[in-house]
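Below, in structure tokens: the form predicted on its own, a single chain.
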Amino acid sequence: MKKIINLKENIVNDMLNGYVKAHYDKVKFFEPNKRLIIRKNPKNVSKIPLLIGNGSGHEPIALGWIGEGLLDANVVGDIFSAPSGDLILEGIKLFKSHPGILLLISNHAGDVMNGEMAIELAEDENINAKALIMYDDIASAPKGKENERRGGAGTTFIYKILGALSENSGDLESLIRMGEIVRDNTRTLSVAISPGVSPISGKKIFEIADDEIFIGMGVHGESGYGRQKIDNSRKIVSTMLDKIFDDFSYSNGDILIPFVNGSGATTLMELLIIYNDLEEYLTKYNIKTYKPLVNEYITTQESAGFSISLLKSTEEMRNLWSQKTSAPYFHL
């Protein structure tokens, strides 16, 4: 394992200290708990705050997405481990004077269990907090069982669109309703090329042959469609989009927001080639695109690979997507 760190047991705290110091004008700790990262300029008390609790090791999500027009707080867990329900509750309680609070939960077992526990504890204290479960990974459950799917890179659309809607004074019910619509119109599929290394165990996160790729693997090596021989970008992208188009209905003239996300060690050169192939595929169907996102945002250390997420958008979604945010690591 080659990683430039100090003590393994201090990895997360060292990272968070560096993050807050580097972006002191935008984010801060909620003292004395240094696992609660919040906006430097707090949201107006009349508006609905957005929170997420997630494990570390996938940066820049989600701590890098704290700011006006995006997330208001991140409750940070250990490496690849969701924060506890009690810790998430502490994050929720920071905003108890607001008319409501929305906790965004990516559909992974630990995240859901601890997030729902926090919501129940908040309700016991008469805090108006609700959860939105996010999912989009088509390889993790078949068509017709969408609510059993994992949360993937397509959850990004929910963060950004709801973040903007919240800044525009959307109430809790309208945020949840919009989040569900965005979720239901999003599809994601990933491909893994080579593994990252856990900074705690020093072991590879998964194993794959040098001449193989894995279609549909999750961020921690979870199962997907399976292995195949590596091919050129155009053929890989076509295979992935064929599967997405089989799963969801797209029509002539639709406007999609695409997101090509690198897994950690995929170069920008590769991601832009992939995006070019994606655009050429969509052109065959007379499908337009709007303000795509192409970069490494949701990573698993230095894993190589990428995912493609597509949101079938409405005009309202596009307007919210394009609104500015002060988050340090989110750039359209």
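Please read these numbers as outputs of a predicted model, since none were measured by experiment. Throughout, we count residues from 1 along the sequence that is shown.
There is another form of this protein, the form predicted together with a further copy of the same chain, and it is not shown here; the text below is about that form.
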Residue 17 within 4.5 Å of a further copy of the same chain in the model of the complex, heavy atoms: yes
In the model of the complex, residue 69 touching a further copy of the same chain (heavy atom, 4.5 Å): no
Partner proximity in the model of the complex: residue 25 to a further copy of the same chain, non-hydrogen atom cutoff 4.5 Å: yes
Contact flag, residue 212 vs a further copy of the same chain in the model of the complex, heavy atom cut 4.5 Å: yes
Proximity to a further copy of the same chain in the model of the complex, single hit among 79, 121, 133, 94 (heavy atom within 4.5 Å): 79
Among the candidates 204, 234, 177, 143, the residue which, in the model of the complex, approaches a further copy of the same chain to within 4.5 Å (heavy atoms): 234
Complete contact of 55, 86 and 324 with a further copy of the same chain in the model of the complex (any heavy atom, 4.5 Å): no
In the model of the complex, residues of 250-281 near a further copy of the same chain [heavy atom within 4.5 Å]: 264, 265, 267, 268, 269, 270, 272, 273, 274, 275, 276, 277, 279, 280
